[in-house]
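Here we start with a single chain on its own, the form predicted alone, put down as structure tokens.
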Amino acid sequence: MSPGSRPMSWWDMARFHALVTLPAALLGLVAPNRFVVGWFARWDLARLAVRFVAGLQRKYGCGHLWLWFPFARTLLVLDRASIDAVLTSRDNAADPWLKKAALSRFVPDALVISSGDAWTERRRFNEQVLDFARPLADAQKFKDIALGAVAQWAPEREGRLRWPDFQRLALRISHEVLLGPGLVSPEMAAQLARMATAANVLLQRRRDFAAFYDRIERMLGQHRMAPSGVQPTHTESVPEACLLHRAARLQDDGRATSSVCVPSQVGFWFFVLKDALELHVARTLALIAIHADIHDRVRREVTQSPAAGEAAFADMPLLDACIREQLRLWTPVPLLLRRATRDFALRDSIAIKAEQQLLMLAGVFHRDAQVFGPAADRFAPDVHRGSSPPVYVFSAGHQSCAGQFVAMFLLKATLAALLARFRFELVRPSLRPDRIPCAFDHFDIELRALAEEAAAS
């Protein structure tokens, strides 16, 4: 493919906005729109975008196309080597105006909409608290939280698991990891849900915004004042085995400056951790359930693994691959948008000016048959396990997701606990194993959970 760039025609640009930009807005900039998700999944409308982009590459014979997205001059980057170059470059930031408009009041000063020195300090803080690229300090306690939450969900022999069940499970696990064992705040979850919904249309309720972050600030203050190493009592619950305590201690030690804006970082963790757990546990179970051989193998893997600590998951490569395959097929952030922070040349050949945008369609790339071959539309954890081509489910490079390791750990812990106890059958929506649709209506999910003795009868 040519290393140069070409302008997209006005006709193709109009079709791009109809098939990519408009659907992205309708599906929800921040919180998914339930009606639109169901509509897109039912008719597999996202596949139109995959076909259209593949046609663009053939038509222009080029992996770099200029367009306006939506109102800023933007380079659409389709070439794999160039995607890697953008994501590893220090000449761009993940804070384009559209992303900041959607998130700036919902999660103000969050790492994901930061740049410059503020980004550097916030990134360092996030990596320290979230144990980025190193063993989790509280791995065993976090695993116990997931196991305990799953143990509390005890269906009957014909028990059904629906979307509200995944939401409750994710709420308990995410809040106990953030706040401490046994601590769950449905009120904060409700506030956050209202804020996320309002962010879809770039409108946030100031009352919810202020109340949510004021509460986080008060909780951080309680943890800063609590003496280290003292077990919490029934009147003062400030457990140390939680992310909030670690964040507060960094504040107390002076390792989190005022520009870090700790409550904003914590607020984003509240949103993304629950969202990731409920969504990806449900989706991964749905895919495993319709593949009998994988279902049997992954259940054997989780039941034969060591019982303790983070090391247990090193012996679960198939479970890991199943989660990553689900993330590839239904990429949680399908559009990666960057803002050039200065003039530079992409791969020494394409001139990019400061404030111009770079757009990468990760969700489309992950379905490209030219890249992933005949398994592009299949759930193929064995084919793609530990091999190239790369996937961008957590972005990549120095701006990759700071919480990806704790998120993957909790996904593995939750799924392992569920699969060790039950066999699963997908009741709805129906999925064809030979052609996984480009969208999945998780709101309509229903799984039958069968205990081992019920499955054998």
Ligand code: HEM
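Heads up: residue numbers just count along the shown sequence, starting at 1. Everything numeric here is computed off the predicted structure, so don't read it as measured data.
The discussion below concerns the form predicted in complex with this ligand, not included here.
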| property | result |
| --- | --- |
| Per-stretch contact check against this ligand in the predicted complex, the hit in 165 to 173, 344 to 352, 213 to 221, 271 to 279 (non-hydrogen atom, 4.5 angstroms) | 271 to 279 |
| Contact test in the predicted complex: S395 vs this ligand, heavy atoms, 4.5 Å | yes |
| Contact label in the predicted complex: G403 to this ligand, heavy atom within 4.5 Å | yes |
| This ligand contact at R338 in the predicted complex, heavy atom, 4.5 Å | yes |
| is_contact(P332, this ligand) in the predicted complex, heavy atom dist at most 4.5 Å | yes |
| This ligand: the contacting residue among L418, L65, V50, A407 in the predicted complex [heavy atom, 4.5 Å] | A407 |
| The single option of V77, L287, A256, L327 touching this ligand in the predicted complex, heavy atom within 4.5 Å | L327 |
| Candidate site A31, N33 and W39: all three near this ligand in the predicted complex by heavy atom within 4.5 Å | no |
| Contact set, 110 to 124 vs this ligand in the predicted complex - heavy atom within 4.5 angstroms | L111, V112, W119, R123 |
